[in-house]
Each structure stands twice: as C-alpha cells, then as structure tokens.
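Single chain ahead, written as structure tokens, the form predicted on its own.
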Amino acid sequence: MLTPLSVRFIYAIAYIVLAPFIGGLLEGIGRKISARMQRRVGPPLLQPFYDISKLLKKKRSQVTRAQGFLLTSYMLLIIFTGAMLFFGTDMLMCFLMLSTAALFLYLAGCVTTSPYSSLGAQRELIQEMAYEPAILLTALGFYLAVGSFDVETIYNSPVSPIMIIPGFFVAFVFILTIKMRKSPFDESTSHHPHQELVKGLTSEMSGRNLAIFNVTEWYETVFLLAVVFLFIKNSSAPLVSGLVGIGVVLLTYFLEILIDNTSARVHWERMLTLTWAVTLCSCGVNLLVLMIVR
C-alpha cells in the first residue's frame, strides 16, 4: 500500500516525466487555435515536438559556453521548482526558486555580444519586475485562504481558495500573459514577425540551447497552470472541483491565446504600469475585504 509520502514522490516524478509532453501538446494546440483565428490551416498538432527533434539533431553551435551552462541551470531550476510544487512543499519557496531560475535566463541573454539578445535580456528583467509582486502576493493569498504555505494543505483545503481570494486569482492570471510570452506583454522575445523585436532574448540561441529553452518553457507552463488549478481544487468535492479546475485551466490557456492574437505589443512602461495597477488593485481590494469580514 502506498504511503502519503510515496504518493507525493509519484506526483513529483510524474511532473518531471510528463510535463514536457503536456507542455508541448498545449503549445501544439495553441498553434492550431491561433491558426484558425487567423484563418490558416496551421502546423500539425505535434509540430513542437518535431521542432525540438530537429534542433537536437543540428550541429552544436553556441556563441559562448557560458550560455549553455546558464540555460541548463535555468532548465534544472524550473524542473526542481515544479517537482517541489507537485511534491507538496512550501509554495513560497517554489516561487522564490522560480524567480532564481528567471535570473539565469536573464544572464543567458547577457553573455552574448548580440545587441538584440542584450536588449531582450534587459526587457526580460523588466518583465520580472512587473510580474514578481503578483507572484509573491499569490503565495500570500493562499496563506490567507488556508493558513499555510504548504501546497499539500492548499490542495486539501475544504473550500476552494478562489472563493476567498478571487482578487489574487485575477492578478495571477493577468501576469500569465507575461510568463507565457503572449502579446501585448511579450517584451523580451516574440514569435510574431510584425513586432519590432522578433527574437530578442533567443537571438543567439540555436540547436541544443534553443531546444533547452523551449522545453523549459513547457515545464514552466505546466507549473503555472498547476497553480491555477490549486485556486479551484478543494477536498469537500474533490471530483467535481478537480474537473472544474481542469476546465478553468483550459479556459485560462485559451484566454491567453485569444489575447495573444488580438493584441499588439505595448511599450514596457505601459506593461509595468498596467501590471502593477491590476496587481495592487485586485489584491488590495481583496485583502481589504478579508480584513473587514474577518
């Protein structure tokens, strides 16, 4: 019979093994949906995996060895962060690890001599300044809802946290546009040719290094969507809340695709202002209500 500790280990290992496949599949679905929105047929559903396979087969080429080391560190930290979340450890520690991983990505863009890569790295740092308050306040929100930072306690909460902290949920979903690199907040890099900075941070990444970056983004996407799921899940109605949680996760991902296809990139100052305004207003009002009610 499996012990609770064994189950937690299984969840963590499942994330490490399955997250890149789920993340890649979500990207493939996103490309298909984007193509339909633009009245195109779009690439095959498994195109992201074909792209990674092609990148790994390319001759190894890198501007500097430091970039490969930094990108590998970035990937390992994201994987470790997600494994910690699925293992049920401290959420605040998970978010701090996530911020540390972002620093390694910033450094990976800085170590090259390319002005486009350096500009993308600077914008990546600005993006981190924009979303970091919402990330940390999300951890605080979960603590206010269940009285603990422990992910397992949050997962087994008798009431869905979103019922207590809807403002924190709004702030977190808002910054997902930045974390998932979608318009209008795809400041550091973009896949859209009409933007003034198409590649930016990834300008000097190719072959294995670019594959590492893309796979790491898949890991991070699954991690972020898992946090969205935690807002909905409760132990009073585990099956119903679980299904609703999956529905909210898919709806959130679709919303990000819709915003990406209907918005043009804004200036970084506007991104920073909007993000902080939404974060402070939604979380502030929610916190004020909690103080009055309690």
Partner chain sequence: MSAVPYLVSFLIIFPMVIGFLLFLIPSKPVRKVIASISVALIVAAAIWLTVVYFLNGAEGIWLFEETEIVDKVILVAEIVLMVFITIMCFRYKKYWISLLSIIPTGLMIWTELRAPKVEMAHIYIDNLSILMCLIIAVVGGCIAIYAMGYMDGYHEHHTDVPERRKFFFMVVFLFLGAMFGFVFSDSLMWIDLFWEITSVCSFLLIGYTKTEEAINNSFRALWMNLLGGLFLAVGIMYLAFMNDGQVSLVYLVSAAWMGIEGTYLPVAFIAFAALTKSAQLPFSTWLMGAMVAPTPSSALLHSATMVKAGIYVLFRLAPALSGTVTGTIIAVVGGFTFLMTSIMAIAQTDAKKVLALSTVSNLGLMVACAGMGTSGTIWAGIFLMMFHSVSKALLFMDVGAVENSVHSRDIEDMHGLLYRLPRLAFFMFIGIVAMYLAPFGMLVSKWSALKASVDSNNIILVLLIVFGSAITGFYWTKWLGKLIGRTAYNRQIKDITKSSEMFSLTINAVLMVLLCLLFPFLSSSFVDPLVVQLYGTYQDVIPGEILYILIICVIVTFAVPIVCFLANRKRPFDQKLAYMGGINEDYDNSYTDSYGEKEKLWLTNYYFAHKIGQRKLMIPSQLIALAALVIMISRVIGGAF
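Residue numbers count along the first chain shown, from 1. Values in this document were obtained by computation on a predicted structure and should not be read as measured data.
The next section is about a form of this same protein that is not shown, the form predicted in complex with its partner chain.
For its partner chain in the predicted bound form, the listed stretch (244-252, 227-235, 257-265, 64-72) containing residues with heavy atoms inside 4.5 Å is 64-72. Though the partner is left out of this view, Tyr106 does reach within 4.5 Å of its partner chain in the predicted bound form, counting heavy atoms only. Among residues of the shown chain, Glu204 is one whose heavy atoms approach its partner chain to within 4.5 Å in the predicted bound form. Taking the partner from the other structure, its partner chain in the predicted bound form has no heavy atom within 4.5 Å of any heavy atom of Met163. Of the heavy atoms in Val7, none are within 4.5 Å of its partner chain in the predicted bound form. Residues Thr100, Leu103, Phe104, Tyr106, Leu107, Cys110, Val111, Thr112, Thr113, Ser114, Pro115, Tyr116, Ser118, Leu119 of 99-119 are found to place at least one heavy atom within 4.5 Å of its partner chain in the predicted bound form.
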